[in-house]
Every structure is written in C-alpha cells, then in structure tokens.
Ligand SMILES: C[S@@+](CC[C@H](N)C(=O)[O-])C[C@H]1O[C@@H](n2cnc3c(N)ncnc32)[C@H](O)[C@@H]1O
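One chain comes next, on its own, written as structure tokens: the form predicted on its own.
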Amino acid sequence: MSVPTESGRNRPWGTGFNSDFEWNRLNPDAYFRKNYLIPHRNDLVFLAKVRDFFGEVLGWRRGLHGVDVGAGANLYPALAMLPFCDRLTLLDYSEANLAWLRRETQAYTGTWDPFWAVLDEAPAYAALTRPRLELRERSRVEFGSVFRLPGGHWDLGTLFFVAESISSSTAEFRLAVQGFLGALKPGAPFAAAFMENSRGWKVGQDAFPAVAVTASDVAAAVAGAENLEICRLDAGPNPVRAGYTGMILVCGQKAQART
C-alpha cells in the first residue's frame, strides 16, 4: 500500500520524510477512539512513572510554564504537568488536531478520568480538586512544529509518540528529539515516549511514517540530559495497533548550563 504525498508522488507505506505527508488528513477523533477510548495498560504504567518522576523532581513547585509538543488527540501528558504549571502550551502541527485540542481542553470527556485517577494517587495531583477547570484555565493550544521551536523557553515538557512517528528518517527523529530538548530551560524536567520498532501507522485509510527505534536509540538521542530513567514495556497481548514491539519512556532533566 502507498500513501500520497504533498508533491503527488507515492511512497511505500510507513516511509518518507516529514514534509512528504499531509498532516491535516489525520483524523483526531478516529485516532482518539483507537488509542485512548479504552485506556491501555502501558499508557497507565507510563503515566504513573511520569507522575512519580515529576513529583520527585518538582515536589510542590508551582507557577511553571509547561509544553506538550505534538500533543495530538492525547491529553494525559498535559494532565501530568498540570499541578506544577500555571501555563500549559499544547503544540501541534495539524489543524485537525488543533481543533480537537481546543474542544477537548474546554471540558474533557470522561475518557480521561481513569488517567486522572492514576495521577490522583500522588499528593500534588490530589490537591487539584477540579482538574477539568484547571486544564481549561491554564492551557493554550497553539500551532507549532517540533523542528521550529524557540530555544530555552519552557520549564517542563512532554513529547509523547511524536519524534519516531512523523518521518521514517533517523536524522529527522534525532532532530525532533533535539528540538524538543533545546526548547526547554536548563534543568527542566521532561518525559518523552516512543513506539518501539514501529513500521508505520494508520488512521482510517490514511497511512503515516515511522522510524523503528529501540531503547538504545532513545538513550542516544537524549544523551547529555541528566537524571535519566528509561523504561521499556512489551506491546503485550493487546497492542494498540499492529506493527510495533513495545513502548519506551524516558524521563530526565535537561542538562544544567555550564559556567
């Protein structure tokens, strides 16, 4: 199967540079239903690990400006940053995703309640008694590309299933991770997640590219960051889709500026 590119050429399914794909064709409602309508165990495990990492590093810090890069039809990375931030920027390149995010952040659906229940087990999150209202008031949805982010701008960040899922180019995967880390301030905590050995992915009839990364590739991409924790989980008996072998999470902090 092939996928039409912006230039009108055809490429094998799952391959191509980021600019070869029409990202506005992505259907966020279909993506959401397939990936998050029923919470997947691996997502909940990752969420608990991000909760514990942010809680350990940040404690009761407040007033930060967080960013979720390539947020897509997924709110749980933003929810993981919510207690620590009075401003949350949700960035995406697809206008369809942006419209979904603007709608969902106004009063998110009950689908996200099981995700919040995992977060709510920690004191910093339990202190937020009205997370829907807090997300609506603190979040801003904006157009943005992981390849064109401002340097040293945000205090806290997440990058979930983006860098390996926007191109089949290893160089572009590395550029995406570097762009994300470069957008954070020195010492900023972050969490990033990746599909392991992904062969590409589909939403409806539209196919999109991927880079087949491993935990070693992820570690190399974030080399230089500090306080790193890497977790890998098998796809398991109920994978969210075909064509990958597991999921990888890395938590850490951007290296402090050297004097």
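Residue indices: 1-based, along the sequence shown. This one's a predicted model, so the numbers in the text were calculated from it and none came from an experiment.
The next section is about a form of this same protein that is not shown, the form predicted together with the named molecule.
Open item on the list: Check for me whether the named molecule, as it appears in the predicted complex, comes within 4.5 angstroms of all of F46, S139 and F190 - heavy atoms only.
Closed with: Checked in the predicted complex: no contact with the named molecule for any of the three.
TODO: Mark L82 yes when one of its heavy atoms lies within 4.5 Å of a heavy atom of the named molecule in the predicted complex, and no otherwise.
DONE: It does not: once the named molecule is placed as it appears in the predicted complex, L82 has no heavy atom within 4.5 Å of it.
TODO: Please run the contact check for N74 against the named molecule in the predicted complex: heavy atoms, 4.5 angstroms, yes or no?
DONE: Judged by the heavy-atom cut-off of 4.5 Å, N74 is in contact with the named molecule in the predicted complex.
Open item on the list: So, F53 and the named molecule: in the predicted complex, are they within 4.5 Å at any heavy atom pair?
Closed with: Judged by the heavy-atom cut-off of 4.5 Å, F53 is well away from the named molecule in the predicted complex.
Task: Partner proximity in the predicted complex: G144 to the named molecule, non-hydrogen atom cutoff 4.5 Å - done: G144: yes, in contact with the named molecule in the predicted complex.
Open item on the list: Just to be sure I understand the contacts: of A212, L26, A225, V57, which is the one whose heavy atoms reach within 4.5 angstroms of the named molecule in the predicted complex?
Closed with: Exactly one residue meets the criterion: L26.
TODO: Quick one: from F180, F160, W154, F173, grab the residue that has a heavy atom within 4.5 Å of the named molecule in the predicted complex.
DONE: Checking each option against the named molecule in the predicted complex, the one that comes within 4.5 Å is F160.
Open item on the list: Please pick out the stretch from 129-137, 180-188, 94-102, 115-123 that is in contact with the named molecule in the predicted complex, where contact means heavy atoms within 4.5 Å.
Closed with: Checking each option against the 4.5 Å cut-off leaves 94-102.
Task: Contacts with the named molecule in the predicted complex, stretch 175-204 (heavy atom within 4.5 Å) - done: The stretch 175-204, when checked against the named molecule in the predicted complex, contributes only W201 at the 4.5 Å heavy-atom cut-off.
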